[in-house]
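Take a look at this single chain, the form predicted on its own, given in structure tokens.
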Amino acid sequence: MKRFLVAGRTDFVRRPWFGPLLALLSLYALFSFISPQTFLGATNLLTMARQTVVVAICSLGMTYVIMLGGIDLSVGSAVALTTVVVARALQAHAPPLAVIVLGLTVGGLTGLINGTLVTALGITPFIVTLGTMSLLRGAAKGLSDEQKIDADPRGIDAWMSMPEHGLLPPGVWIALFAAIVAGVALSSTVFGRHVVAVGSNEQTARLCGVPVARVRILVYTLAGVLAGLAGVLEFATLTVGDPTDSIGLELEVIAAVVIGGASLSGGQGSIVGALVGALLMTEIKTGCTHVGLPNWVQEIFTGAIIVIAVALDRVRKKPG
């Protein structure tokens, strides 16, 4: 029994997200000590949870993409385009449910385009999504006439509103539910096993009968749907369609996923780790604000986190 408990603790410590989790808790303790009047408390925790939703949801899709051995630089543009489409649809008096479905569809189409181009043209995902990042951003600006679109949210804003009695906003519960579904699908379904197999060794997976092309297209489409969901929740937060929104979001999402234990070479990743990474990014931004550090310092911290995340990925891949 003792040997079992020791082995269980060892396995837990060896989880890729254990280190980031310690960093998350340590930084929370540090910021709470420096600024206990504002940082320490339930209200700030609720605010950080709310601010993490968009990055967390996008990180779920990015986990699949990176585990597949790909990358998606267009996620920020997809979120911005979704906010614009949602705002335009609300201006046209479309029912809120139809608007939400439209937002998810727009996101899914962006992912489908990415997956199809990567698969059909044989171009590296970095180049393809770099191109679609600009394409989608341009489409958002064109659809909005290069300005923010004000629209009556018609109840959609309630998804991200701070609730009464200290409960979490609905958007946070949506993100948690999406994370559970994504985690179960990754660990307990044939599709999840195929994603890991393709990311680990594409040639071997193909020889074993894995439909590589279909898996790749499905993964990018799934990431697009999640980006669309994040876009709907971003609109719920801002209540405007903004074509310039979410610039740099893709870097935060990639950093969150890699910090959480995913390998940029594919075949390794964790939904739990992605959520921890997303929370860590939000915590650093919030903590810097509470202790009075200027925005440029926050940007330096974010850049440092991205470099550290990639360095950790290289260290994890070293033999021994």
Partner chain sequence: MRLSLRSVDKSFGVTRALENVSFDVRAGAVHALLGENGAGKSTLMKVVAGALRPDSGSLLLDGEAFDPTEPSEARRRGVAIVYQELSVCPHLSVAENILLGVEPRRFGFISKRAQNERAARALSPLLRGRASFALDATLGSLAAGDRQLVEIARALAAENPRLLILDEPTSSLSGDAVARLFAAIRELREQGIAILYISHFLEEVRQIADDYTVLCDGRHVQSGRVADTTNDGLVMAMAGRAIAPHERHPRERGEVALRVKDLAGERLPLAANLRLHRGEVLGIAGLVGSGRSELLRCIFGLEQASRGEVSVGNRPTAGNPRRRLAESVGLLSEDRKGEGLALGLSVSQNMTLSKLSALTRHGLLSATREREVSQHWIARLGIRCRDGAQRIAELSGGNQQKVALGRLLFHDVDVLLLDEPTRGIDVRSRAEIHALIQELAERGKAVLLVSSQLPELFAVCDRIAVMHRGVLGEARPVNELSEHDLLLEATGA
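Only a predicted model underlies this, so the values are computations on that prediction, with no experimental measurement involved. Numbering follows the first chain given and starts at 1.
Beyond the structure shown, there is the form predicted in complex with its partner chain, which is absent from this document and is the topic of what follows.
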Non-hydrogen atom within 4.5 Å of its partner chain in the model of the complex for each of Leu135, Arg137 and Gln147: no
Candidate from Thr244, Ser161, Thr124, Thr204 lying within 4.5 Å of its partner chain in the model of the complex - any heavy atom: Thr204
In the model of the complex, Leu102 touching its partner chain (heavy atom, 4.5 Å): no
Distance check, Gln91 to its partner chain in the model of the complex, heavy atom within 4.5 Å: no
Arg214: touches its partner chain in the model of the complex, heavy atom cutoff 4.5 angstroms: yes
Distance check, Arg193 to its partner chain in the model of the complex, heavy atom within 4.5 Å: yes
Partner-proximal stretch of 77-85, 232-240, 196-204, 113-121 relative to its partner chain in the model of the complex, 4.5 angstroms, heavy atom: 196-204
